[in-house]
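Next up is one chain by itself, shown in structure tokens, the form predicted on its own.
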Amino acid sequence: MPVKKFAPDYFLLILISVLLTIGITMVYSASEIWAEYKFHDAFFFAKRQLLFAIVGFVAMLMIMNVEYWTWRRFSKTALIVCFVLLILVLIPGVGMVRNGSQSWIGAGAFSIQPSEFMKLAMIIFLAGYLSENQKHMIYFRKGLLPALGLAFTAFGLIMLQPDLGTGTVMIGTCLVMIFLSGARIFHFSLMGLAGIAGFVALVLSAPYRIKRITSFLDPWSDPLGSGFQIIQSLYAIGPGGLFGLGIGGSRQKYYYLPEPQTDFIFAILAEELGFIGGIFILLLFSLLFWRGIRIALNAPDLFGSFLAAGIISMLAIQVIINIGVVTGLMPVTGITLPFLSYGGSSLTLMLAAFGILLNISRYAKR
């Protein structure tokens, strides 16, 4: 185990702090009208997001001081617990339905989204598995199949909720980690064909998914139905121009864009801060991604490298899909923008994950 400890990556910590500050500000700006209408409190979502941010940030600082290889010992237990929660959430009366998905478990405000926890648990377990079995990953049955089987079992349970967005991020992260472990391109080509077939089957199995695909290709074919969110998002981004309408100046948050503080917060940000503001956010995420890659490349052992790569891949995939959806380049999938979108489970889990990444940075080669 690594013994030489350095200071954490303070630049990474600063980037996270800046994104959190912008996120809390934008959650308030995007949600004030809806919060005032629904809860008679313009700060309803902003106060909750601030609480989530404080809890998550404290957790991140605590986890930053826990040796990252400690999590390897608890990876199997954590994975089993997450599988149990994914099953429990599907039980009527136990799982809570929100926005058409039975993805939550708990009571009222005190609820969690098990699929979010599964993403991190899967990354930690897979990092341990790949570091122990890297030499076997060129073989399909001996190395690749067990990892894929586990990942797709979790994906299947998440899809039963259904939660295509979270499932896509998790399976995409797992595939990146497996690819980095040295799996053969030939096997990935076969998986790609199987994945395309599976995706087509998923789309055809639910009429609303077909509508999402067609609305992505031509949202104006159903402007008041499946294309509504994309059109309203583009109506927000377009008028933003170069410098935006100013903080609080969004027009689309006036009941045009549904729940703008969650998946489509980047549209409100682009409307209020303009092209410059949007590019600044993309720059912050790019710097975050760069620091994560740097930590992964300089980690002192394979477990640390795979763990860092998994965490930063999860962030990158989520950012790419979210902004792709908001700008009309991808179908609507229901994925939050890390550190910016409103959401307790997603925010605290991402901060906890980056706490692990910050700890790996303390042992990375200098």
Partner chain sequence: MRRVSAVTIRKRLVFALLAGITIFMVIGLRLGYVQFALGDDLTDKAQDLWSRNIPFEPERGKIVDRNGVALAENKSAPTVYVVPRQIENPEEAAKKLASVLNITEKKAYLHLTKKSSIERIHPEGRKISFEKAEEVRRLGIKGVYIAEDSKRHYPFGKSLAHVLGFAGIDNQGLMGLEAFYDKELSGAKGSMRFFSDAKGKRMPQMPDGYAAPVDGLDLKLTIDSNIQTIVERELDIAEAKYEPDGAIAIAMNPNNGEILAMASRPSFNPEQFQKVSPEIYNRNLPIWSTYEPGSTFKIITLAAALEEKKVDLYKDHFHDSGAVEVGGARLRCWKKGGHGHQSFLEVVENSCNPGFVELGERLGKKKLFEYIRDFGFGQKTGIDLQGEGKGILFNMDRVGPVEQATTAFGQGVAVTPIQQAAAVSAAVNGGILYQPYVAKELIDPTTGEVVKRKAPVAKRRVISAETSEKIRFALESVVARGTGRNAFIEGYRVGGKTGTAQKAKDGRYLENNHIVSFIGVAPADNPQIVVYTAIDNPKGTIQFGGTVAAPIVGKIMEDSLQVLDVKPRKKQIEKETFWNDPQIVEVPNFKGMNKKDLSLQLYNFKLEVEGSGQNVIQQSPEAGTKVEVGSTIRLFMN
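Please read these numbers as outputs of a predicted model, since none were measured by experiment. Numbering follows the first chain given and starts at 1.
There is another form of this protein, the form predicted in complex with the partner chain, and it is not shown here; the text below is about that form.
Is Gly334 part of the interface with the partner chain in the predicted complex - any heavy atom within 4.5 Å? The answer is no: Gly334 has no heavy atom within 4.5 Å of the partner chain.
Can you tell me if Ala201 lies within 4.5 angstroms of the partner chain in the predicted complex, counting non-hydrogen atoms only? Ala201: no contact with the partner chain in the predicted complex.
Quick one: does Ser286 come within 4.5 Å of the partner chain in the predicted complex, counting heavy atoms only? Result yes; Ser286 sits at the interface with the partner chain in the predicted complex.
Give a yes/no on whether Pro300 approaches the partner chain to within 4.5 Å in the predicted complex, heavy atoms considered. So Pro300 does not count as contacting the partner chain.
Listed residue that, although the partner chain is not shown, lies within 4.5 Å of it in the predicted complex (heavy atoms), from Leu193, Ile91, Ile293, Val81: When the partner chain is considered in the predicted complex, the option within 4.5 Å is Ile293.
Would you mind picking the one in Ser101, Thr168, Thr262, Gln232 that has a heavy atom within 4.5 Å of the partner chain in the predicted complex? Result of the distance check: Gln232.
With the partner absent here, would Leu19, Ala42 and Phe140 each sit within 4.5 Å of the partner chain in the predicted complex, counting heavy atoms only? No, because Leu19, Ala42 and Phe140 lack any heavy atom that approaches the partner chain to within 4.5 Å in the predicted complex.
Work out which of the listed stretches, 320-328, 58-66, 45-53, 22-30, brings a heavy atom within 4.5 angstroms of the partner chain in the predicted complex. It is the stretch 320-328.
Sequence order please: the residues of 164-190 with a heavy atom within 4.5 Å of the partner chain in the predicted complex. Residues within 4.5 Å: Phe179, Leu180, Ser181, Gly182, Ala183, Arg184, Ile185.
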